[in-house]
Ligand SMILES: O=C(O)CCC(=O)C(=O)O
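Take a look at this one chain, the form predicted on its own, written out in structure tokens.
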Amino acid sequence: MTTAAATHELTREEIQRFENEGYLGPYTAFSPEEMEAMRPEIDRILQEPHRTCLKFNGKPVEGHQGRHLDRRLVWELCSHPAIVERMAGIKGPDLVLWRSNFFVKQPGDKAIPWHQDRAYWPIKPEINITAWMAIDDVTVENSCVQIIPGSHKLPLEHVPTDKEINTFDKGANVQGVDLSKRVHMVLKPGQFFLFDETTLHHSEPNRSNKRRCGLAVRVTVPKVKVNHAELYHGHKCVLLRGEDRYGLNEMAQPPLE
């Protein structure tokens, strides 16, 4: 299932494309058959409370958040060489996994507004690369992520949204952005794409009769400070690759089971 790391190295052309467009992919970490075999356990994890008792505002965190900290399978999804080695080609050899979350959209679920992730995160400086991995088939009909190439170069204000139709309470002001350039990130189970912390993206309501589940893998570098208290009580980072020469963040070891 895991191939040599060298096969996952980015070419100069891919690195340049990421710098120009703010995203890369799709790539494959797992085959659809491998993901199908893992999906029953993933579904069980989504229904379970967090083993490390992560809490937000005194309440246990839902089962979609930070499961790389307490379930080995989720850690293995996040740390697959197909993801990590490509990230290293962009952000360097030392990488820190600071967050993961499953995005689950059931049929009829609301849109996620156009946004740049940097507007929501307690990290300084705002350096991040995300891998978004498909757990289910991800199609236009069941709300694949849409991306605007080159939008990571645009400083966009984030403003309140209409909560009747959106999941997030704020999103980017996209006046003047050419949304016709959107790219639909249609993925097979086990495929993923990479994008920048400032790449403009969103997803529409799930208009199908099928669930859309994806795993977002959030990675930064050791010189970035994570404000753990703004995430969850008990939150920690995990060294994903290389060394941590800064010691700025509370660190955990990957789960064993």
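Quantities reported herein were computed from a predicted structural model and do not represent experimental measurements. Just count from 1 along the sequence shown to find any residue number.
The form predicted together with the ligand exists for this protein as well; it is not shown, and the discussion that follows is about that form.
Student: Considering the ligand in the model of the complex, find the one stretch among 153 to 161, 69 to 77, 90 to 98, 105 to 113 with heavy atoms no farther than 4.5 Å from it.
Tutor: Going by heavy atoms within 4.5 Å, the stretch is 105 to 113.
Student: In the model of the complex, does each of T139, H184 and F192 have a heavy atom within 4.5 Å of the ligand?
Tutor: Judged in the model of the complex, none of T139, H184 and F192 sits within 4.5 Å of the ligand.
Student: Which one of A172, I135, V145, I83 is close to the ligand in the model of the complex, taking close to mean a heavy atom within 4.5 Å?
Tutor: Among A172, I135, V145, I83, a heavy atom within 4.5 Å of the ligand in the model of the complex occurs only for V145.
Student: Could you check which residue among M38, V224, A216, L46 gets a heavy atom within 4.5 Å of the ligand in the model of the complex?
Tutor: Selected residue: A216.
Student: Would S203 show up as a contact with the ligand in the model of the complex if we use heavy atoms at 4.5 Å?
Tutor: So S203 counts as contacting the ligand.
Student: Even though the ligand is not shown here, does R212 get within 4.5 Å of it in the model of the complex, heavy atoms only?
Tutor: Residue-level check for R212: yes, a contact with the ligand.
Student: For E126, is any heavy atom within 4.5 Å of the ligand in the model of the complex, or not?
Tutor: Answer no; every heavy atom of E126 is more than 4.5 Å from the ligand in the model of the complex.
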